[in-house]
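Listed next as structure tokens is one chain, alone, in the form predicted on its own.
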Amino acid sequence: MTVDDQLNDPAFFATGEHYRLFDTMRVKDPVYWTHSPDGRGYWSVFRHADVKTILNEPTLYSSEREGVAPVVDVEMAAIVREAWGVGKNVAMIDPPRHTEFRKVIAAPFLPKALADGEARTKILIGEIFDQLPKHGEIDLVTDLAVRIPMAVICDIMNIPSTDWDEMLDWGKMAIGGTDPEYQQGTAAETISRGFRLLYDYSDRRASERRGCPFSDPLSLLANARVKDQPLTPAEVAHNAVQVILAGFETTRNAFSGGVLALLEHPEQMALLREDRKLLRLAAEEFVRWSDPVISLMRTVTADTELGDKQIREGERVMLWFPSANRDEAVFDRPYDFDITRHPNLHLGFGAGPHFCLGGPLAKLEIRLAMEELLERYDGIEITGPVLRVQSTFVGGLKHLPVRLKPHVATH
């Protein structure tokens, strides 16, 4: 396969071989013109410094012109604007309007709100662990990693627990539709259907909450005003979907990927068991190591230069986060999984105005879930094949079969 073929192939990113390719490209051609199936092409950006520059310059590198999803084929391009809500969804709106939309949903994710809700989050996570079978044979992804963030974000949004399983299925379709396991029809059809189901659900729930004085993000959106104008129903629903999916995806991938890394590096697991205070640093390394987001796209709004390449207005740039997070210019021993790593300047939550609003919540969930795992179980053993999601967009595991060995109380 050519470099272009690899970068355009979702299945390639399930092999783990992309790290080797990225190592080569950071040295050989760090801003690389990539031919794509839609015939337009795009610039692939591999270095940490260049990725960070783009994230910090949202006017020059627009999220709103064509959205941020890595769309490189004609069929996907046909559905992405409506499915994602480009220009309506806070992740796909440029400043200064982005700032106004972000303020609407920020309150439940600020440090004080998260601290106030930590006890509730701990209870939710504990209940999910309580439901695990006594024999300890589980799929750590489907039984834990996907359920924890979906429960927490749905609880924050005041979505009834009876609907959580459906939300989970729709989320897999919307985000993981390029993986055959989640597909219903083509990848584009699956993604479009997943987004539509989430959109319609959010729209119904939001309409019920107009005029209600609740503080959950869905109620805040339903009653918000920007520039003294109420949000349109489409803006409300698209932003609700964004909160749900962002809350779901990063944590599931970072938590499951972090646990796998601990199992592959037993000395790090031993270190964490000896000193739980390392959990905060460990959560950062989980995110750097597991790369919950593989790539995001931007569209250039004026002619510019990046890494000695001339980039023209209207051209697209693809930001490859696994490459940035293994950049030897920034990270000492980038291929060492190190839960004591500090500082840890990963870009797993982005940077600049679009820095992930749910990042602090994700780290809280990872910390509490790991505390529960270490408290309840003395050992974890991999019992079957580890499978990764086939996607150029999100990076993560879809199956991690393990045997949990319960903690044996000593008297």
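When you see a residue number, it is the position in the sequence shown, counting from 1. The model shown is predicted, which means the values in this text are computed figures rather than measured ones.
Below, we refer to the form predicted together with a small molecule, which is not included among the displayed structures.
In the model of the complex, no heavy atom of G379 sits within 4.5 Å of the small molecule. Taking non-hydrogen atoms only, Q268 never approaches the small molecule to within 4.5 angstroms in the model of the complex. Interface membership of S202, defined by any non-hydrogen atom within 4.5 Å of the small molecule in the model of the complex, is ruled out. In the model of the complex, L296 approaches the small molecule with a heavy atom inside 4.5 Å. Exactly one of the stretches 29 to 37, 42 to 50, 379 to 387, 350 to 358 approaches the small molecule in the model of the complex with heavy atoms within 4.5 Å, and it is 350 to 358.
Using a 4.5 angstroms heavy atom cutoff to the small molecule in the model of the complex, all of L55, H98 and Q242 count as contacting. In terms of contact with the small molecule in the model of the complex, the residue from M150, V86, L231, A246 that brings a heavy atom within 4.5 Å is A246. Among L144, V287, L262, I175, the residue placing a heavy atom within 4.5 Å of the small molecule in the model of the complex is V287.
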